[in-house]
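This document starts with one chain, in the form predicted alone, laid out as structure tokens.
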């Protein structure tokens, strides 16, 4: 074998363990889900094996599933916008801080050391009828009886922002921290105010990190299951909850497979649109 052939094969040999793991743990299970989506659930006995479009017809034509999907995308979009508005100032402050950035980053990542479920359930102790907020308001005489704050769409969005905000801040921080501060100084020396320098220099250069954080937050928010289950009401279910209901409660694996693939297709299409207009290179830049 020639030297050129060995050099051409070497990257694939080095990547073979990772490619094997991705194939066995991602693509093979995905193929099973694709096959299951065309089966039919039987009232008694095993599922009916074959190629049937009943599940897909039900998923694509039922107004109920369409409403839940659109509502899921709406909640994910609102969560992304709020995370961007709240996360950018925090990321900018950390990136431009003259103190110990490592300590601030450690404090930012502290929530990751606590279970996501525990963090989500903590809002029940804060916003519940006998929670800290209602107790404080009643003690101060602001209200005479507890206010219903839980189990609505607003609480679901609050829980998602609480969960996903660190992801947004970290992505924006990496992008802002990589911008040379001398560019802002040059803009100021040419007569621009600090605000103008930020809008015309820092913000455009940090858009890759903002875009990467936005894509990550949107995808994680749209596929969230725990937050709407704990903090949402019956009318606040998201699409992932329908997948759980179909597979675990109804034991309807074919329908659950079709639902999960529909969500995967929708989110994958959004990633393709992102790649078409911004490019995945922007995403890798934002991720550092």
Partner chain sequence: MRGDGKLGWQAIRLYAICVYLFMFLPVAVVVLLSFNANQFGAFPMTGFSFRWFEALWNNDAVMRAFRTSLILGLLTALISTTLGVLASLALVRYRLPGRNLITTLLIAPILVPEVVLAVSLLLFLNFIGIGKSMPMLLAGHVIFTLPFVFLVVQARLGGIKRDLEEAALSLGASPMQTFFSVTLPLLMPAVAAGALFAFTISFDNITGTLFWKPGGVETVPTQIFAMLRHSISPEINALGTVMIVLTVGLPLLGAALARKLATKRGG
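For clarity, a rigid core is taken as the largest C-alpha set superposing within 1.5 Å between two forms. Numbering follows the first chain given and starts at 1. Nothing here was measured: the structure is a model prediction, and the numbers come from that model.
Just so it is clear, the following notes concern the form predicted in complex with the partner chain, a form of the same protein that is not shown.
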**OP:** Note which of 53, 70, 28, 60 lies within 4.5 Å of the partner chain in the predicted complex, where distance is taken over heavy atoms; exactly one does.
**Re:** 28
Original post:
Pick from 152, 200, 135, 189: which has a non-hydrogen atom within 4.5 Å of the partner chain in the predicted complex?
Top reply: 135
Original post:
Okay, which stretch from 96-104, 202-210, 71-79, 141-149 lines the partner chain in the predicted complex, with non-hydrogen atoms inside 4.5 Å?
Top reply: 96-104
Original post:
Quick one: is residue 64 in contact with the partner chain in the predicted complex, heavy atoms, 4.5 Å cut-off?
Top reply: no
Original post:
Can any non-hydrogen atom of residue 270 be found within 4.5 angstroms of the partner chain in the predicted complex?
Top reply: no
Original post:
Is residue 158 a contact residue for the partner chain in the predicted complex, using a 4.5 Å heavy atom cut-off?
Top reply: yes
**OP:** Please run the contact check for residue 38 against the partner chain in the predicted complex: heavy atoms, 4.5 angstroms, yes or no?
**Re:** no
**OP:** Taking only heavy atoms into account, state which residues of 106-123 are within 4.5 Å of the partner chain in the predicted complex, ordered by sequence.
**Re:** 107, 108, 110, 111, 113, 114, 115, 116, 117, 118, 119, 121, 122, 123
Original post:
Is residue 265 one of the residues whose Cα moves 2 Å or more between the shown form and the other one, with the core superposed?
Top reply: no
